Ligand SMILES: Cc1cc2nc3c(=O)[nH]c(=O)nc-3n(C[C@H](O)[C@H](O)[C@H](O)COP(=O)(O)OP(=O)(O)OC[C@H]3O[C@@H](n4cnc5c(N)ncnc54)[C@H](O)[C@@H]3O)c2cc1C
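Single chain ahead, by itself, as structure tokens, in the form predicted on its own.
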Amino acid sequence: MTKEISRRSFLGLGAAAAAMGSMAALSGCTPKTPDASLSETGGQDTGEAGTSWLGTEPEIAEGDITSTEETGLLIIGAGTAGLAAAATAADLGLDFMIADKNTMVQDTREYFGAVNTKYTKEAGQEVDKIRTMNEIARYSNGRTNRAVLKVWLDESAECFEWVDELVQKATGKELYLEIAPDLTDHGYFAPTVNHMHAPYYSGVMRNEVLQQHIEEAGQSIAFGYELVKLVHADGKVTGAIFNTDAGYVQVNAKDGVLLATGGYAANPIMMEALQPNVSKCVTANSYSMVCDGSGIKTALWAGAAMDEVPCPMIFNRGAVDVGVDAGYIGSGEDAIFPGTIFQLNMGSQPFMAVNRKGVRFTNESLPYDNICNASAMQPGGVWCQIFDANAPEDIDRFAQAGCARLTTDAIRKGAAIDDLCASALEPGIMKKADTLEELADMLGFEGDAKQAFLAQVERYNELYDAQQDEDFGKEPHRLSAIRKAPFYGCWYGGSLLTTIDGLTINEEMQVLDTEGNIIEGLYAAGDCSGSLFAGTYPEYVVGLACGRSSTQGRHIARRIAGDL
């Protein structure tokens, strides 16, 4: 049986736009791997996080395999990394096969981080590679494998310009380069790397263009191929076994197997085992339902190592109603988050935020996941964002970066706040009132919490008037007054987009075992691969996740073809 996923509508900018997008680490910094005896014991819990989530590698009898196929490079996963690899393989005349358990290509994230493209240089925004390398490594507390990172730094421009030519030829979309803001005031470096094709998230998108390119080369994607296990022995992978409508199919791959199967955000059992702190602040999901960690598990069964430090990508946009706590509802594989709005883009604007006691607890202006992490230590794991009728002017002044900028762009084009927040206002999740007292009641503040909330608004207005946040250090231009009716308020938790810790790899994207040795014939790219991120995603290096996935996929195909 296969899972089908359709392209998501963007709910955060009114009914039509939203954006895509960490938690405390587990102890240690060495690659994590299941206990060596798991395959024999059936996956018993061991250690703090436990490993029962891994289970036992399936045994498929030779007689149960209905057919066998032969190929050169086997690419598993038709997402960002897999399609880039397959389209490159098609260009270079490689013998390859691309398989996916879906019935269509997976979602496209329109962002593409690339370093020093022709567009960057034309705009006079050339990026300092070494400074960028150091900044990304800083986010991970030094756990970034810089050799893996350098592949993106050195090859992403060529990769994007290849993709750009295909997209513009197929769609006529225009290239938009996001000029990064100066974030010196709050201690971050933001290089200009984000490229997008406008109009965003409409018409034929990048993944569909790559699919068309593959098909025009006479190849096709084998949909409905659900990965069951890798074919491996003596530290070498030679193929994979899939469950299909025609039964079990074994594909032998003489040039290797590329796992491009995504992360494990849609697997609550893995999430609770490997990233238990996520559920303390997340209220909504924006992940692909097929990113269930199945590809990662097959590699672990084959002896692979995995990043020790988890890294979720959480955005501060999981709007929920009054009284809703963060965390899963239900248990096991059926557990879900309570939010019904997968992302409300307004949540990423740095307006005042308070906890259930009515008081501020953090600087709301930092990267998306910072307030999520801080809220994990607050009652219910949620926070409440407050703004007033001056929000359009405030948002224009805030000048947010990345996908939060979609709200900025919409405001600058004349969009009304009520339209941008329609997906939360119409069902009553976001509250709107003529007085702050009325708003406090609607948001569930009672007694001492209500008085604290009203006092906090007064204090925040004082900080705005003084243009100095003495409490939490927010930049002056991202302070705002809360005085002009109507007043708005909405409760939020995090929205989980994906996981970006994965299999340990080297700079050739070859998967490594627990001793650091190459597992011959096995590659990983994109969100199922690791060795790049730890703890938190470098939010101000906009588009890095998509850019590295595409670049890694293309690198593998070029390397196998002898084009590098």
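Values in this document were obtained by computation on a predicted structure and should not be read as measured data. The first residue of the sequence shown is number 1, and the count goes up from there.
A second form of this protein, the form predicted together with this ligand, is not displayed here; the remarks below concern that form.
A heavy atom within 4.5 Å of this ligand in the predicted complex is found for exactly one of 208, 226, 255, 272: 226. Per the 4.5 Å heavy atom criterion, this ligand in the predicted complex is contacted by stretch 284-292, the sole one of 284-292, 129-137, 477-485, 454-462. Proximity of residue 502 to this ligand in the predicted complex falls outside the 4.5 Å heavy atom cutoff. Proximity of residue 109 to this ligand in the predicted complex: non-hydrogen atoms within 4.5 Å are present. Not displayed here, this ligand is approached by residue 313 to within 4.5 Å at the level of heavy atoms in the predicted complex. Put simply, residue 261 is close to this ligand in the predicted complex: some heavy atom of it is within 4.5 Å. Contact residues in stretch 55-82 (any heavy atom within 4.5 Å of this ligand, taken in the predicted complex) are 76, 77, 78, 79, 80, 81, 82.
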